[in-house]
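Quick heads-up: it's one chain on its own, the form predicted alone, in structure tokens.
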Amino acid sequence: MAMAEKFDSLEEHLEKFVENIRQLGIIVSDFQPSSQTGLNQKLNFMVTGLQDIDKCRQQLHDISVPLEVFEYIDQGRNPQLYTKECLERALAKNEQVKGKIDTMKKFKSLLIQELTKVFPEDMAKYKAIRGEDPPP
């Protein structure tokens, strides 16, 4: 079974379960002794629905969802925003790290220039060891 089919199956079972719970709530909110059979039937459907969902869980055991996604859902936010915001944070961090790398490269270049002025023989040896051509 393909991964998409597994998710579709889980989604279908969850939708049926939620609908059954909704109908159960209607029966309970306006309970009449004559609706006892319907209530029992809905409770049995609820148990069966939970068993079906559990079977789907076994098929999706290797899927992990970050806890932050559940926090988004609990806050009433779209869980797809989590992915978007993660990418935005990663891009911002990438730019920050790139800036630090560029700064360190400039610092290294300036340091080598200044050290070459002060210690020309030592820096020539250093550059020879590093495989860099000494400046003319």
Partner chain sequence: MENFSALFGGAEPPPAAAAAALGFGPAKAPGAGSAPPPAAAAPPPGEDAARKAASGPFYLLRELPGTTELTGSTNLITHYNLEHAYNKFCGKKVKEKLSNFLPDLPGMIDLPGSHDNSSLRSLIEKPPICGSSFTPLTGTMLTGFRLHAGPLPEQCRLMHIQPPKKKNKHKHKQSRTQDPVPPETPSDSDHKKKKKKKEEDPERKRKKKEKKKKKNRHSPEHPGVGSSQASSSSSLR
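In this text, all values refer to a predicted model and were calculated from it rather than measured experimentally. Positions refer to the first chain, counted from 1.
Note that the form predicted together with its partner chain isn't included here; everything after this is about it.
Put simply, Glu12 is far from its partner chain in the predicted bound form: not one heavy atom of it is within 4.5 Å. Proximity of Asp74 to its partner chain in the predicted bound form: non-hydrogen atoms within 4.5 Å are present.
Remark: Ile63 does not count among the residues lining its partner chain in the predicted bound form, judged by a heavy atom distance of 4.5 Å or less.
Although the partner is absent here, Ser29 sits close enough that one of its heavy atoms falls within 4.5 Å of its partner chain in the predicted bound form. Residues from 82-117 that approach its partner chain in the predicted bound form with a non-hydrogen atom closer than or equal to 4.5 Å are Thr83, Lys84, Leu87, Glu88, Leu91, Asn94, Val97, Lys98, Ile101, Met104, Lys105, Phe107, Lys108, Leu111, Leu115, in the order they occur in the chain.
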